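A lone chain, given as structure tokens: the form predicted alone.
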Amino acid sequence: MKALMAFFRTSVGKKLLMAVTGFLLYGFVVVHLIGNLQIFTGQESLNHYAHFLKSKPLVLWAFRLGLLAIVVLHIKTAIGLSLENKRARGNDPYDNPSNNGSSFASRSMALSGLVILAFIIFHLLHFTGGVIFPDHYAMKDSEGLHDVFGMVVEGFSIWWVSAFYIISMVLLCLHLSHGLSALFQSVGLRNSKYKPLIDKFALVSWVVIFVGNIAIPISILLGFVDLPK
């Protein structure tokens, strides 16, 4: 166990940990998107899906706590690697990532990560905790179930909530565009043979995630998705 902990304190171990936690978070984003897209199937379908999840509180909270641990570990490891890179560069202005042809996505990983974290906190307070717009959280449908459909429609009908969500999705996909490629590079798979395939996978992934997520607030703002009359 001590040897394993010592390994994860090395640069190689930290990069591997970033890759593993990043992949798990990517998996959550995909699963979360699939669940969210059920809003297009109607109020009854989405509310029954949400009710099913809430009917398994032990599983749901184990998942939430596990996800929180992964997020904390991912952030902690990212900070550790960033500090290591900064110490390695020293004060040499020519040894700077902004001068070595790196992409904007790679240079803005820390900034996009912080904004995504702020969005996650807001999103949880809004849709999970009901702290923000508690009247939305208290909504019930005709069957007496928690009206998640109505809560989402009412929430995204507020322009600045939708704007914050869309901006966060832009930054999330900017983060993913570099993070997915870096993930495979950390485990040694992004070589000359697999690089084109991996880059295409990263591109398709973030485009699908971006379009799928922003389709929800845009459809609500345009009135394509609305509460039953």
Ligand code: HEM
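Being a predicted model, the structure only gives us computed values, none of them experimental. A residue's number is simply how far along the shown sequence it sits, counting from 1.
The next section is about a form of this same protein that is not shown, the form predicted in complex with protoporphyrin IX containing FE.
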Fill in the blank from the handout: Residue within 4.5 Å of protoporphyrin IX containing FE in the predicted bound form by heavy atom, from 193, 32, 200, 56, is 32
Fill in the blank from the handout: From 124, 114, 72, 79: within 4.5 Å of protoporphyrin IX containing FE in the predicted bound form by heavy atoms is 124
Handout entry: Site check 64, 148 and 217: each within 4.5 Å of protoporphyrin IX containing FE in the predicted bound form by heavy atom
Key = yes
Practice task
Flag residue 60 as yes or no: does it have a non-hydrogen atom within 4.5 angstroms of any non-hydrogen atom of protoporphyrin IX containing FE in the predicted bound form?
Solution key: yes
Exercise for the section: Report whether the minimum heavy atom distance between residue 184 and protoporphyrin IX containing FE in the predicted bound form is within 4.5 Å. Expected result: no
Handout entry: 4.5 Å heavy atom contact, residue 142 and protoporphyrin IX containing FE in the predicted bound form
Key = no
Handout entry: Proximity of residue 156 to protoporphyrin IX containing FE in the predicted bound form, heavy atoms at 4.5 Å
Key = yes
Exercise for the section: Scan 35-49 and note down the residues that get a heavy atom within 4.5 Å of protoporphyrin IX containing FE in the predicted bound form; none is a fine answer too. Expected result: 36
